[in-house]
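For reference, the chain that follows is the form predicted alone, supplied as structure tokens.
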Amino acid sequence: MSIDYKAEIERLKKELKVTVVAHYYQRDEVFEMADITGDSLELARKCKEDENPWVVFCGVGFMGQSVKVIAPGKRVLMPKIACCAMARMIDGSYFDESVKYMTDRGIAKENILPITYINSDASVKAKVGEMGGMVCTSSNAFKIIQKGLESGKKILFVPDRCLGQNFAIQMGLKSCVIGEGECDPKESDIICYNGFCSVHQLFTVDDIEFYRNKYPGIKIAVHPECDPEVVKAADFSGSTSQLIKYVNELDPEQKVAVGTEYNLVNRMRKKNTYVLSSTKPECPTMNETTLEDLYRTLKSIEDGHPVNEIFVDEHTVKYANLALERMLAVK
């Protein structure tokens, strides 16, 4: 007998003290079943405030970890513990190597302030927390970097080079990327780790020119994980939530091409909105979670044998939480 997954998910949500959370990049059928949706910053805040003891998080691994770090008393399950490709580009040892790169070039460790994009493993967040650093998201990176600069220290920004470079440009600061050309920490304000988002690297200046030629007057809106040349050529750059707000506030007749993950763009206003790519910019790991996965995870709570539970050791929780709390304290 086939299972009506939607009906069963709704039943389980009513009967269990559980909150279903989904990132904007989740496939539509999963996104629609969530109690809380949003980008990384919204989800971190809302999960901390939520009263239910159980969280089922539809997203990628570092997001489930972040909930466990910021609210260690919660039981956090993930239908699929999918791994963000960017987050996999850096671990604790690579972080240590980046710090050494700077100290070998004359920057004392105590004069380095690390900032990690939330798209990173809890172990990296803990390393950042131990050094007095902070987490950021694409929504608040500008404020976090501004706050960091007040210390007078050099900013080590990990793992997304594009985010670090784009905010440096926006703030009139000099940046460099470790391992890419000449990167002298003494000559730069923000020293970036050489990581990136494989989805947002799909968008090019050629894509922008194609849409501008095809639809004169079209607006181009992109995520700051895109290459700096793409951001420079766009009309607007912003986080997931900021992109949604920008597009929704446009005149309905105004055409706009958006450079971010396909599922989100596809849910934006249906008229005069285009995906800024000749290929489908779909995050493979965000799309791993299915309705069946969500149902089986909720059912495992009901059966008393929870699956895919997220655990983070006490040391990592302590210092990663410090880095996250410092982020949340910046208004």
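Numbering starts at 1 and follows the sequence shown. Not measured: the values here are computed from a predicted model.
One more form of this protein, predicted together with a small molecule, exists but is not displayed; see below.
Out of 219-227, 90-98, 122-130, 248-256, where are the residues with a heavy atom within 4.5 Å of the small molecule in the predicted bound form?
Contact-bearing stretch, as computed: 219-227.
Report yes if any heavy atom of N166 sits within 4.5 Å of a heavy atom of the small molecule in the predicted bound form; otherwise report no.
Result no; N166 lies far from the small molecule in the predicted bound form.
Determine whether any heavy atom of F157 comes within 4.5 Å of a heavy atom of the small molecule in the predicted bound form, and answer yes or no.
No - in the predicted bound form, heavy atoms of F157 and the small molecule never come within 4.5 Å of each other.
Heavy atoms within 4.5 Å of the small molecule in the predicted bound form: does Y25 have any?
Y25: yes, in contact with the small molecule in the predicted bound form.
Interface membership of D293, the small molecule in the predicted bound form, 4.5 Å heavy atom rule
D293: no, not in contact with the small molecule in the predicted bound form.
Please identify the residue among T297, Q65, T289, S40 with any heavy atom within 4.5 Å of the small molecule in the predicted bound form.
When the small molecule is considered in the predicted bound form, the option within 4.5 Å is S40.
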